[in-house]
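Below you'll find only one chain, the form predicted on its own, shown as structure tokens.
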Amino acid sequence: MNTQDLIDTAHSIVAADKGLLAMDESNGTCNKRFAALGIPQDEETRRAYRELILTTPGLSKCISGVILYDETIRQQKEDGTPFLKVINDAGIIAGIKVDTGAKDMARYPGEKITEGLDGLRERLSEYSRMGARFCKWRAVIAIGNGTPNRGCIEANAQALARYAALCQEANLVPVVEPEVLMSGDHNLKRCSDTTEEVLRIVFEQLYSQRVMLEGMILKPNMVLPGLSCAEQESVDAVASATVQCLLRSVPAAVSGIAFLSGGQSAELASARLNMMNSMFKSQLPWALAFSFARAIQKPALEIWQGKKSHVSAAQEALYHRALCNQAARRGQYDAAMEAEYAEKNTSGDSEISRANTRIKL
């Protein structure tokens, strides 16, 4: 383990107001999203989509690192150039998802435990040789009637900590992702209380497993009311609740915090991150960055539709969302960015406008 390398990589991930682009969807999840849009669900189409993402012009201006999936890290551009070379040549840091998914937890109905520790040391060694410099492991915690139970939280926290220790042993920065899910009718306070409990237990386990906090990134959920909650709080309220929760539960030594989007709309995810940085950036011990998947990818995927003729328009949409999130890190994102973009792309002169016309035809 090279302590300084880990610290330098962790700092690079959250430097220059950039963030992470999560493109680590499993094949099954990717296929479901393709199916919903009538896109073929096969390896070549997944490869073409990931090439679209990785070759987006200017991506490295806003994105510090990309989180890949096992299939993706082994893939190439259509011309045979390995994706890892494309990533490295762009000055972006390559990362890899290493858990094997959340499974039903024995004797805890409705709760999940993330698996993947078996054989992890060997997989980490392979990914490191390939060129990955950081990893990600996601645990999911559901709020419901009587859940989450402490046993579920502790089991997931221990797995996250053991994963993180193995990553650092392999000189890979662990991105630790304990996600309190948005699904449910819980209010903002319930989410805040649950998130704080989860984070406290996660850090207890990280200490227990001797994980160096300066060489890791935390990827938490924002504190939000459940999707079916009758009272959906303001952007200001979400920002305040999230930051207060983090201040109570996340040690100052952590190199950075990169939020997951968790099913939020692209615009809301940007607005909430922006408000946190606008209100609190100068008061915080760690950077507040982003590690978004759907909140960056979704508009591009909907434009692409699996068609080569839509690639440029889809890349334009992807870059816009990355640019919005970089602005949110600076506390400079506002609705005018969306209005200007929408106006440009309804004028009939843009790639997106032309792509949308072709879709209608």
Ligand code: 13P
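Quick note: we count residues from 1 along the sequence shown, nothing fancier. Because the structure is predicted, anything quoted here is derived from the model rather than measured.
Keep in mind the form predicted in complex with ligand 13P is missing from the figure; the text below concerns it.
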property: Option touching ligand 13P, based on a heavy atom within 4.5 Å in the predicted complex, out of 138, 133, 112, 186; result: 138
property: In the predicted complex, the one of 238, 271, 155, 260 near ligand 13P [non-hydrogen atom within 4.5 angstroms]; result: 260
property: Close approach of residue 61 to ligand 13P in the predicted complex, 4.5 Å, heavy atom; result: no
property: 4.5 Å heavy atom contact, residue 307 to ligand 13P in the predicted complex; result: no
property: Proximity of residue 293 to ligand 13P in the predicted complex, heavy atoms at 4.5 Å; result: yes
property: Segment that reaches ligand 13P in the predicted complex - one of 208 to 216, 84 to 92, 116 to 124, 260 to 268, heavy atoms within 4.5 Å; result: 260 to 268
property: Stretch 13 to 31 - residues with a heavy atom within 4.5 Å of ligand 13P in the predicted complex; result: 22, 24
